[in-house]
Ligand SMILES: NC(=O)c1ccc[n+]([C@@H]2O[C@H](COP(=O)([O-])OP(=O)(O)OC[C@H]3O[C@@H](n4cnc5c(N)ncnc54)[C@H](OP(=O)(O)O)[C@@H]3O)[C@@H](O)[C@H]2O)c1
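We begin with a single chain expressed as structure tokens, specifically the form predicted alone.
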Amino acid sequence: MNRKTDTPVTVIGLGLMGRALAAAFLKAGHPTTVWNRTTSKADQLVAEGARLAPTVGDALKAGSLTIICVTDYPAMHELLGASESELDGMMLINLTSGDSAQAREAAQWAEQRGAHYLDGAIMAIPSGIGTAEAVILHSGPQPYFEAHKSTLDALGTVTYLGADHGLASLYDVAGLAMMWSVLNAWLQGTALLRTAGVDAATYAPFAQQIAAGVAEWLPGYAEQIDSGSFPAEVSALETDARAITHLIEESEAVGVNTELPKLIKAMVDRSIAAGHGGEQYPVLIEEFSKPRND
């Protein structure tokens, strides 16, 4: 991979993730300036060749692009608001965690002050930064992303999602929904099997096989959702409802929590009551797309 390694970069915010980002830029050969309220967090990076800026304004001036990774969006506004006169023409890439509305508002705020702005989300833990396993999502104007992709490549697998600044945040939480749902399903199954003396380590490979198999269904199911047509090619929703009832009954019989399967069963029951019992499971997108007012 050919990377331009002489591009100066600034990293504002040196928590665990911010330090990992700065270290990855340093390792790739980029002149790296850092800033943090607690300056001692920069000590190791300075020892590795980073420059510690005395002020946020000085940090902004030092890099061709500035990566922001702070506690939240209000913290970002507080820090950059004190240097508003310094933002004109600056390239800001905000990797602070937040929601899509905050991302869009931050983009408008930055652009009103003359800055170029991309919002992003980090789908990795700090130790993974700088490897291909670290996926860094970006959204906003594509020319900004393309202009700096070769520099951003130092962080991992960088991905452009689209012009809407809120997309990175939405992908972030959608990814979290997948993560927690898979883990919760595995925990439900583990709890069931433990009642028969099967430990989690024994069940885990089987669970992996099931999860991988289900993942193979997603592209085909996505086609059904996008077309709005849900023919029962695998099984009908009413068949799935019987299987979920079996899961609930088995859980009750062995003394395992039933809240999760009962939640899904309630959604399935509503869909069947609406006339979708003969359609395939992805028809539940209509239930997931509705706000629930309890």
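All values derive from a computational prediction rather than experimental measurement. When you see a residue number, it is the position in the sequence shown, counting from 1.
Unshown form predicted in complex with this ligand; subsequent notes refer to it.
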(message) Quick check for you: of 204 to 212, 67 to 75, 105 to 113, 144 to 152, which stretch puts a non-hydrogen atom within 4.5 Å of this ligand in the model of the complex?
(response) 67 to 75
(request) Tell me, out of L187, M91, L170, A124, which residue has a non-hydrogen atom within 4.5 angstroms of this ligand in the model of the complex. (result) A124
(request) Find the only residue in Q224, S97, T157, S100 having a heavy atom within 4.5 Å of this ligand in the model of the complex. (result) S97
(message) With a cut-off of 4.5 Å between heavy atoms, is K262 one of the residues that contacts this ligand in the model of the complex?
(response) no
(request) Answer yes if any heavy atom of L16 is within 4.5 Å of a heavy atom of this ligand in the model of the complex; otherwise answer no. (result) yes
(message) Taking this ligand as it sits in the model of the complex, is Q44 in contact with it (heavy atom to heavy atom, 4.5 Å or less)?
(response) no
(message) Can you tell me if N36 lies within 4.5 angstroms of this ligand in the model of the complex, counting non-hydrogen atoms only?
(response) yes
